[in-house]
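Here's a solo chain for you in structure tokens, the form predicted alone.
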């Protein structure tokens, strides 16, 4: 007797997970997507997505995710809110997913749990989180109306969110430890042409000050070691990401940073477990690449199930 709960379970509800669910459901596989928080992942915190094909004027992040979710549900994708605590491979060749209140089984598991912003660990960061320290401009930008604020980082996220924050802030300092940005050229051009943005080059964040809310940051010039202060009412941190793979340790192969190692077909080191999107080792983490990963993972999972299904 077949007691499998699902053909496919997908962990993570960002673009990779939703695309995987769309494809597995269209293949008539009984599919469940488990999302810890809000469906959409980091995309729902993005003001405008400009580099996803078919939207010539861009599209709001939440709007794009809503369209993806409704499309996947139309083909039968079930979505469950829950926190995956562990994964195991049973003797009956099923993959078992442990939640806080239940255990579910499936033939194929797709990991699309994404990533989250890195914390710098500087003095004052954890103490002032939510009181001037933020990792999401779209979420918190309106709270900083008329203030001077600092953005830490020099990549796409830092520059894009710095530009967005000029809607609210009096001035935005972009503090970067190098003398040039890593962001896409079009974003750099917009930032350089924005009179509200001031760049603080070759500079690292030492600590964040404030009581009860942020009122200044201490910074250090990495070339001269000169210490100085910037009086700001908020700090937005964009210094890289780390994968949401705590529940996978000891199950599939991870790289030294914790990202899932896969091949081109999204296969992990364990048969029947696949990974897609920002959670896996890859050179580019964008919505477009996440969607491609999700489609590939679903296709490979379908072929795997065809081979093992009685």
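Numbering follows the first chain given and starts at 1. Values in this document were obtained by computation on a predicted structure and should not be read as measured data.
Quick note: we don't show the form predicted in complex with a small molecule, though the next part is all about it.
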Item checked: Exercise: residue 184 in contact with the small molecule in the predicted complex, heavy atom 4.5 Å -> yes
Next item on the list: Answer with yes or no whether residue 188 is in contact with the small molecule in the predicted complex, where contact means some heavy atom within 4.5 Å.
Entry: no
Note to self: Considering non-hydrogen atoms and a 4.5 Å limit, does the small molecule approach residue 26 in the predicted complex?
What the structure shows: no
Check: With a 4.5 Å heavy atom cut-off, would you call residue 134 a contact of the small molecule in the predicted complex?
Finding: no
Note to self: Between 82, 86, 76, 155, only one gets a heavy atom within 4.5 angstroms of the small molecule in the predicted complex; which residue is that?
What the structure shows: 155
Notebook entry, point to check: Which listed residue (222, 120, 216, 147) meets the criterion of a heavy atom within 4.5 Å of the small molecule in the predicted complex?
Noted result: 120
Next item on the list: Report yes if all three of 160, 241 and 286 come within 4.5 Å of the small molecule in the predicted complex by some heavy atom, otherwise no.
Entry: yes
Next item on the list: Have a look at 208-216, 175-183, 67-75, 87-95 and name the one stretch with heavy atoms inside 4.5 Å of the small molecule in the predicted complex.
Entry: 175-183
